[in-house]
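Only one chain is given next, in structure tokens, and it is the form predicted alone.
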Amino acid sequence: MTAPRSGSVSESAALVLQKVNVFTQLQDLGRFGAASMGLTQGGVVDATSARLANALVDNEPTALLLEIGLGAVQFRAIGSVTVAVTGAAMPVFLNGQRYERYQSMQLQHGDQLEIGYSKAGVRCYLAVGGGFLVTPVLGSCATVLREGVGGINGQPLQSGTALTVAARPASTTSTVIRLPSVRSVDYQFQLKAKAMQNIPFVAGAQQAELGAAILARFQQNVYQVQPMSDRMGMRLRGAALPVASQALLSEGICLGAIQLPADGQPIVMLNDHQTIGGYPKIGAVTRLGVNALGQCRPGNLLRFVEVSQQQAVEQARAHELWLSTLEQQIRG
């Protein structure tokens, strides 16, 4: 949550959830340092889109916002609320009038905000100026429903709930803040029904036991995202890999870990993944790859491309430089 700056503070405001689904959750960048207690990191799946949403309403990157899966949600403003919507291509309507994503908009008391069904991608992010006011659990407000932590008492959000917006200095301008025109707002959401996504990954600890042939076949395969996918893991289907049954001791699992169960169909661990597991792991998808996977919907096709640890680090540094520079440009 962003701390208020000095100056006059705006009156209390809130966003009432008029229509929500189970895929609408309060999330921040995640909960870290609690894995030893069996608590996963949670947090936004597409961290890039979440950070851009917060930048557009002048929040810190860590501010609490709403992750909305698939769309078809409605909100009503109490007081004056600045909002921005980024991520998946969901149509946005303010009092029935179409409003573009990737820009700030000022809601006045009683205004109605509607987000329709996604046309591409899976998750959009709705940030409010000041962030939502929620008590952290172990340093984060990220919701993990399986563990019953974060958000509002660790429970699914309910229609009729009013989410309080943290107080912040009263706005002295109604200027709309948009992304600079130097880059398309849909830089990673060109996801048609059969679009092919290349997902970078780093080979993992069990690659020697699995063998070079399986690693090669894994990269040659084309996988289709399955309907059973969720925030815990992305289930894929392609040509089955010949994985020999192994009795492995359970060990820690990281975000993006690619597990190979006995049926030879990979499962990629997403933000609500369990903290330990015993399936062999062929590798781990990079954080940028997780961003892209988080926007893949059932039926999307993807292929895995191996990168070295050094390449993964360099890609992450380049992306962070681009993103932090863009955040600065947005804030002016």
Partner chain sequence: MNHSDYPQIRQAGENALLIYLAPVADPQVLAQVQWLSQQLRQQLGSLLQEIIPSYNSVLLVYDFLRLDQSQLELCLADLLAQLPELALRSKQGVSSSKSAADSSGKLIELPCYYSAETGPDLAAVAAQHHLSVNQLIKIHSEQQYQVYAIGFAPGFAYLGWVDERIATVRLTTLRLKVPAGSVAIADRQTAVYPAASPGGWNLLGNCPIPLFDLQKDPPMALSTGDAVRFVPIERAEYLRLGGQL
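Remember, it's a predicted structure, so these values are computed and weren't measured experimentally. Numbering follows the first chain given and starts at 1.
What follows is about the form predicted in complex with the partner chain, which we do not show.
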If you check in the predicted bound form, do Leu133, Cys141 and Leu323 all have a non-hydrogen atom within 4.5 Å of the partner chain?
no
In the predicted bound form, does Ser250 have a heavy atom within 4.5 Å of the partner chain?
yes
Interface membership of Val225, the partner chain in the predicted bound form, 4.5 Å heavy atom rule:
no
The partner chain contact in the predicted bound form: Ala284, any heavy atom under 4.5 Å
yes
Heavy atom to heavy atom, is Ala35 within 4.5 Å of the partner chain in the predicted bound form?
yes
Which single stretch, out of 141-149, 114-122, 158-166, 73-81, brings residue heavy atoms within 4.5 Å of the partner chain in the predicted bound form?
141-149
Report the residue, out of Val202, Met105, Val92, Ile214, that has at least one non-hydrogen atom within 4.5 angstroms of the partner chain in the predicted bound form.
Val202
Students should find that, of Gln259, Gln206, Asn221, Gln197, the residue having a non-hydrogen atom no more than 4.5 angstroms from the partner chain in the predicted bound form is Gln206
Heavy atom within 4.5 Å of the partner chain in the predicted bound form - qualifying residues of 293-332:
Gln309, Ala312, Val313, Ala316, Arg317, Glu320
